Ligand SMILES: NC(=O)c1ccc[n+]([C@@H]2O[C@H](COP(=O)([O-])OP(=O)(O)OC[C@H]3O[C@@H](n4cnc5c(N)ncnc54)[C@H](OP(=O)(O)O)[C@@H]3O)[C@@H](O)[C@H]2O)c1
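Here we start with a single chain on its own, the form predicted alone, put down as structure tokens.
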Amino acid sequence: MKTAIAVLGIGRMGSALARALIRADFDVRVWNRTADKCAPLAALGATAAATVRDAVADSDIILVNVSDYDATRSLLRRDDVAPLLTGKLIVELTSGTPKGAREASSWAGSQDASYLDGAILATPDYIGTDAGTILVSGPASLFHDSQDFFRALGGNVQHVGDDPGRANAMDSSVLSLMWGTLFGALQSIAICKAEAIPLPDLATQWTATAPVIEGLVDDLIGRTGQGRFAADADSLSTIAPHFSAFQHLRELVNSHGVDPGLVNAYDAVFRRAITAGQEQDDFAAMSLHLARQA
């Protein structure tokens, strides 16, 4: 008998998840507040459910991909739905916080339902492909027992820990890297425009320096993990030359009236490190001034 999957939330990502499951020959039931969005999936073989209750009633796995955890609560914590979750696996692929995932897992347990939380590190076009990356956290046994289901969603679905909040925590960490790069690119573009530098020239320099930046990030992560903050023979750079070059950036931004918000935020971290007497330490020591205070 085919495993029955209820997919709640048929936006762009939810549709991609449902299509991947249909291609893998699961028995897929789909539900969305705007029912018309289910029609293309019904044409591919899914069952369009009129209500959430109808979608979950005879399903083995409940896959949720809606706007936020509040939306999930409004769908599942209803008198006509919650009793139907007993003995089933809830897989939450809605973006949220570690705290929210832990609370959702606790509630699922109170309903005698199983729970796994996930974070999708991919755009919809990657779902169901070998490069599709999804981080999953919660009991490892549940993850391994559902390998066929997860394999259908992507070739790089990873179990990252038994703590239900781990996937969301890792998601935010990776997104911090991404947004740091994207906002840095926006700052670069603003400077190029202010200095009349053609943007294709910036693209050329990005291609040339990206491997260097990647190496710096890898070194930063490695040294911080090892607690190697003092400069040594293997240091790629100390805080002092970064801070000196950074002041040139501040001056340039201010002289052109470019929004100073980003550079001011970076400057504040630099100055905390310098006030702490770490100007000659490895750049990794900057991590001490973003970490949670004891």
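Each residue number is its position in the shown sequence, starting from 1. Note that the coordinates shown come from a computational prediction; the quantities given were computed from them, not determined experimentally.
Not on display, but discussed next: the form predicted in complex with this ligand.
- The stretch that touches this ligand in the predicted complex, counting heavy atoms within 4.5 Å, is 31 to 39, out of 238 to 246, 258 to 266, 53 to 61, 31 to 39.
- Relative to this ligand in the predicted complex, residues Ile5, Pro98 and Val136 are all farther than 4.5 Å at every heavy atom.
- The closest heavy atom approach of Ser74 to this ligand in the predicted complex falls within 4.5 Å.
- Heavy atoms of Thr181 never reach within 4.5 Å of this ligand in the predicted complex, leaving it off the interface.
- Although the partner is absent here, Arg12 is a contact residue: one of its heavy atoms lies within 4.5 angstroms of this ligand in the predicted complex.
- Val66 belongs to the set of residues with a heavy atom inside 4.5 Å of this ligand in the predicted complex.
- For the options Ala169, Val81, Ala122, Leu220, the one in contact with this ligand in the predicted complex, meaning a heavy atom within 4.5 Å, is Ala122.
- Taking this ligand as positioned in the predicted complex, none of the residues of 230 to 250 brings a heavy atom within 4.5 Å of it.
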